[in-house]
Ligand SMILES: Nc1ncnc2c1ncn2[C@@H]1O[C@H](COP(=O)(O)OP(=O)(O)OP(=O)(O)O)[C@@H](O)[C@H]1O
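One chain comes next, on its own, written as structure tokens: the form predicted alone.
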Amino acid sequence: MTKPLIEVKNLKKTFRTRGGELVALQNINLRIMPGEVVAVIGSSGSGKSTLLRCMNLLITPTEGQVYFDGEVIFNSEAPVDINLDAVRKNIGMVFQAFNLFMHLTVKNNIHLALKRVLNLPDEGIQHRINDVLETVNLSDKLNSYPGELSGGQQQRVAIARVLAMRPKLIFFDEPTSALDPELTGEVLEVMKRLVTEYQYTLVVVSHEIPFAREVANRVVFMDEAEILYEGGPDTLVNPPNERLKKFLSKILSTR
């Protein structure tokens, strides 16, 4: 039986505020299987980005367990002896902001992690750089600086940097929300290619409903810090839940 690539059980995350305690996540149980594309949708503040960050432990959950590839990497009830850096090599993350080093060329932005984290030889690094830039259709931008690129091109460089690490799983946290509409399509096309040609496992937080409907195997709808509904992509055509129907109506009316 195939095991989940990543799984969370009874996950909860709270933040301390001046007014007391903010519940960002509660009662979260979720499995991501190898080869799946899972779209996570919901209103701003529903907990989508916090969920991604808890799953790769960029922030520490308050309660619950997180498993990666069958091994527990977080347990609120007992310490876990785990090499977190080794785990994160296998979980790529593409953020809303591109997070590129503006003083480095495209080549050197990708080179940096391959050398410092994976300690690959220069020949192997150059091969990977060429390979991932071809994947994101930016082979001609090898020696360009981020400031010379459009927002869509910068985001594709950020995706290439993640791909170069050859992760088992990639999280996308609203990767097109900082882009103009005309640049969004080129990023979504690259993401589709990761699925159709390379069979990557993706978890995508996005308001790009047509993309989710076309590419996702499963849709997770979050509302008020909880998973309110899970279902197939047909969920986005015929919403079975009134709250989801209202959310989709609002999102699609603004597109």
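Just so it is clear, the model here is predicted, and its values are computed rather than measured. All residue numbers refer to positions in the sequence shown, first residue = 1.
Not on display, but discussed next: the form predicted in complex with the named molecule.
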item: Pro34: touches the named molecule in the predicted complex, heavy atom cutoff 4.5 angstroms; value: no
item: Ser44: touches the named molecule in the predicted complex, heavy atom cutoff 4.5 angstroms; value: yes
item: Close approach of Ala24 to the named molecule in the predicted complex, 4.5 Å, heavy atom; value: yes
item: Distance check, Thr201 to the named molecule in the predicted complex, heavy atom within 4.5 Å; value: no
item: In the predicted complex, the residue from Gln65, Thr50, Asn56, Ser206 that sits within 4.5 Å of the named molecule by heavy atoms; value: Thr50
item: The named molecule in the predicted complex: contacting segment from 213-221, 184-192, 65-73, 36-44, heavy atom within 4.5 Å; value: 36-44
item: Residues within stretch 132-167 having a non-hydrogen atom within 4.5 Å of the named molecule in the predicted complex; value: none
